[in-house]
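So this first bit is one chain, no partners, the form predicted on its own, shown in structure tokens.
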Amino acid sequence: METFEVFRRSGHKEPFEHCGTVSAPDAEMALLEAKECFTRRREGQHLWVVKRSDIHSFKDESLLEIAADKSYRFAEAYRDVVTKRSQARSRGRALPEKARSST
């Protein structure tokens, strides 16, 4: 018996979501068991079964860490920019010396 991971999607445009596991001798039997277990109440329209042994992941999770700070790509990085700019101007840091003397 092998363990199969079961993925279900409720509509044609919805993503597949993991819904559980079944044990079966082959993929065909796994689909039948998944149908009986995970779509009895019409929770989904499509099923996938995948052998657990065929799913691969990183052994070293540090490979998924972000190598550089790229927070500038997100709107949250620009929160309080107006406030910080006005504070800098009030302290005289925003304009170079020549620009301040000519204004």
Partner chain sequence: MTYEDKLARFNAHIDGGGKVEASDFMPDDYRRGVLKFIEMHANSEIMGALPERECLPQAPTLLRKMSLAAKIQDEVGHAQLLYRVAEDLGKSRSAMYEDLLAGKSKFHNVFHYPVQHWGDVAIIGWLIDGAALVTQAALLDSSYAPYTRVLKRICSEEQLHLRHGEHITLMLASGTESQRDLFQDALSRWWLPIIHFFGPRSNVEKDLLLRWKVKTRTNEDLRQEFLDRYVPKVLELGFMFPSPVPVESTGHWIVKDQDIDWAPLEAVKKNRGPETTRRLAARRDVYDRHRWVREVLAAPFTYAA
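Just so it is clear, the model here is predicted, and its values are computed rather than measured. Positions refer to the first chain, counted from 1. Whichever C-alpha set is largest while still superposing within 1.5 Å between the two forms counts as the rigid core.
Heads up, the form predicted in complex with the partner chain isn't pictured, but that's what we're talking about next.
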Review point. With a 4.5 Å heavy atom cut-off, would you call residue 27 a contact of the partner chain in the predicted bound form?
Key: no
Point to revise | is_contact(residue 10, the partner chain) in the predicted bound form, heavy atom dist at most 4.5 Å | key: no
Practice item. Give a yes/no on whether residue 46 approaches the partner chain to within 4.5 Å in the predicted bound form, heavy atoms considered. Key: no
Check your understanding: Is residue 70 close enough to touch the partner chain in the predicted bound form, meaning at least one heavy atom pair within 4.5 Å?
Key -> no
**Study point:** Non-hydrogen atom within 4.5 angstroms of the partner chain in the predicted bound form for each of 79, 83 and 88
**Key:** no
**Study point:** Residues within stretch 1 to 16 having a non-hydrogen atom within 4.5 Å of the partner chain in the predicted bound form
**Key:** 1, 3, 8
Check your understanding: With both forms fit on the core, has residue 41 moved 2 Å or more by CA between this form and the one not shown?
Key -> no
Check your understanding: Hey, does residue 59 budge by 2 Å or more at the Cα between this form and the one not shown once the core is superposed?
Key -> yes
